Structure formats: structure tokens, C-alpha cells
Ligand SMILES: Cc1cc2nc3c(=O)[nH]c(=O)nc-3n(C[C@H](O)[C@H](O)[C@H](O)COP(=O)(O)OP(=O)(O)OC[C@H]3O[C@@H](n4cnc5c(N)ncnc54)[C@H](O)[C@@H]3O)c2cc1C
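Coming up is one lone chain in C-alpha cells, specifically the form predicted alone.
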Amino acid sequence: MTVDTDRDAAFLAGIAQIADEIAAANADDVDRNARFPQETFAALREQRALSALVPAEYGGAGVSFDAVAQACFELGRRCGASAMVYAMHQIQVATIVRHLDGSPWFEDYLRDLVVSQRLIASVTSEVGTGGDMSRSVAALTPGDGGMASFEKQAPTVSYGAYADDLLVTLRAHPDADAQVLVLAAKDQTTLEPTGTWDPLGMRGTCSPGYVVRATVPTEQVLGQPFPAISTESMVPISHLLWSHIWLGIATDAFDRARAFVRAAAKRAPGQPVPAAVKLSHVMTQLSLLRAEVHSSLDMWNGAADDREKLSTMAFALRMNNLKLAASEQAPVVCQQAMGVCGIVGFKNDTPFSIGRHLRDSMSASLMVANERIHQTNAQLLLIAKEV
């Protein structure tokens, strides 16, 4: 084994322990009470897992992207909400690491992230944009002394009340169309609640709406153009990490269905178990989901450092298709797994319960609505030379 594989293996061993012993133990309570998975994140902070992707030159562990994706899968198997918060944080970290462009302020920020294990949330959705995160209404307004302020009406801010910092999409100036990313710390920000949080699934992400206001030094604006940040990092990394969560949720649903069938077979040795045939159908669907997720990760690994390749329409279509396929396939696996288990899968208080898995997976197609992605793909397919 190399130093890199040893480092990834040690990181994943810690994640698996947190997933099995803490996230799983609290998952039902997190879901029932729509509360933030604070026990899981206390443990992740203790393991310094929030800075896993920060390179060693800034004091981080420099864990590979593959290992972080696997961590999202492992957490997803035990608590979908914990996995989603962890993935969304890592998307912000990866975006900063890949696009800080030599900024001394952001380099110091990464060093502080390693020490303080700061949790970063994103504010990309906005009232009036129709779900298009590249078309902000809110803008940075220049002030005195190198400061700038903004006010943004966000219909959802996942775990905003529990985050230390917010990475916010804004127009660069009130007269500008160009968009930027701004990092606002909690003590620079006010959050005015505009709604409640009582959803069907992913209840532990705690994502009500807010009016977000902040005043920040302009050095807290990432220097690179947002279209490049979005194309090269935010969109593909989001789709890759989310799909690993959905695969984790679907895998645990399958595992529960398999445990149900094996228990039925054990009760009646030598007798046919009708649900076993249904389980075989579920395995087929799960295999399709797993293949799509893993092949897309391989494609990312072949392009991650190649800006030209990341900017091709073929790559955008592939990452968009990953999101569409995984978000639609995961609920299918969960629903079929529930069909295997019958009433004990439908109930919330049995070892074979799949209700939380199904509800969590149903949020997948709504996170950046699939119909919007299909509209983007439709335009790309008209002009792309290769797909």
C-alpha cells in the first residue's frame, strides 16, 4: 500500500465507525424530529473529517475525492440526512480548494478550517430565479473601506442555522450580470427565517428559507468567474457526491430486503420463499444504479484536472445524466425493496423498515429539479458534436 491508500483507508475506517455506531443509532430520531444530526457531526469534527479534502500544504489530510465519495456512500447507508449535509459541505470545500486562485485570504481560511473544523453551507437557490443558480437576483453592493454587503432571499438554506460559514452566489455588482461566489462567516451574517421545515424526507438537513444579509471584506469573493467554477467543480462534484448518497440509501434498502428474505428462509428450511424472486429484481435495479455511479466517478477521475475536458458538452451531459439516472433509480430500488418486505417494510418500527429510505430518496429528483436538467440537456444535444 502507498501513503495515499493508507491515508484513505484510515479515513474511511473512521467514517464507517461513525456511520455504524453514531449516524445509524440516531437516524430515526433525526428523521422523526426533523433535527440536525449533531451527534454525527460532533464525531466527524473529532475525526477532522470536515477538512478531509483540504490539501496537506494547508494542513489538511489531503484525502482523495474517491474516498470522500465513498464516505458519502457509507453515511448514506446509515442516515441520508447526515450524508447529505456532509456532501454539501464537501462540495463547498472542493470548490474553494479548486478555485482559490492563490488568494491569501482563502489559503488562510483553509488553514483555519482544518483547525476549527468549520461547517460550510451553500446559498445558491433564490426567489425569482426559477431554480437557475447561475442567474442571481441579489448583488454585492460596494461599501466603504473595502467592504461589500448583500441581501438574498433564499427559499432553502440547508443546515444554515448550524453552519459556521455560507458560500453564496451573487451578482458581482448591482449593475453587473456576472456572478461571483462569496464566503460569509456566521458573525458577518444575519439569517431571517421565512418559513418552517417539515418535509417528507431528508428531514435532518434542516433547510428552511431565510433572508440572508451580510457585510464582508471584498477579499472574501472568489476571484475566478462563476461559470468556470460551476462547470468545472460545483455541478459535477454535486452530482457525484449526491449520487453516492442515493446509492448508499438504496443499498441499505436492498440489504434490509435481503435480510427479510433470509430470515423467511431460515424459518421454513427447504420451502420456497416467493419474496426471493422479487429480491432478484431489486438486485438488478441496484446493479444498474451502482454501475452508473461508479462509471461516472471513473470519468471524473480522468478529467478532474483537465479544464478543457471539463468544459466539453459531452462531459456536462454525462454528469447531468448521472444526476437524472441516480435520482430516478434510487427511489425505484427503495420502493421495490419495500415490496419484498411487505408490511414490515412499510412500518416504521421493524428491522426491515424502508419508509425513511424511500422518503429520503424521493427528494433526489427535486434537488435541482430534474426537469430543469432535462431542458439543459435538450439544448446541449442539439449542438454537441459528441455525447
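The numbering used is simple: start at 1 and walk along the sequence shown. Since the structure is predicted, the reported quantities are computational estimates derived from the model, not experimental observations.
Below: the form predicted in complex with the named molecule, not depicted.
At a distance threshold of 4.5 angstroms between non-hydrogen atoms, S136 is out of contact with the named molecule in the model of the complex. Looking at P104, you'd find every heavy atom of it more than 4.5 angstroms from the named molecule in the model of the complex. When contacts are judged by a 4.5 Å heavy atom cut-off, V123 counts as touching the named molecule in the model of the complex. Remark: V157 counts among the residues lining the named molecule in the model of the complex, judged by a heavy atom distance of 4.5 Å or less.
Contact check at 4.5 Å (heavy atoms) against the named molecule in the model of the complex: none of P274, Q335 and I354 pass. Just one listed stretch, out of 182-190, 200-208, 283-291, 95-103, contacts the named molecule in the model of the complex at the 4.5 Å heavy atom level, and that stretch is 200-208.
Residue A369 is the only one of A9, A25, A369, A16 with a heavy atom lying within 4.5 Å of the named molecule in the model of the complex. Proximity to the named molecule in the model of the complex, defined as a heavy atom within 4.5 Å, singles out one entry of G131, P174, G302, P227, which is G131.
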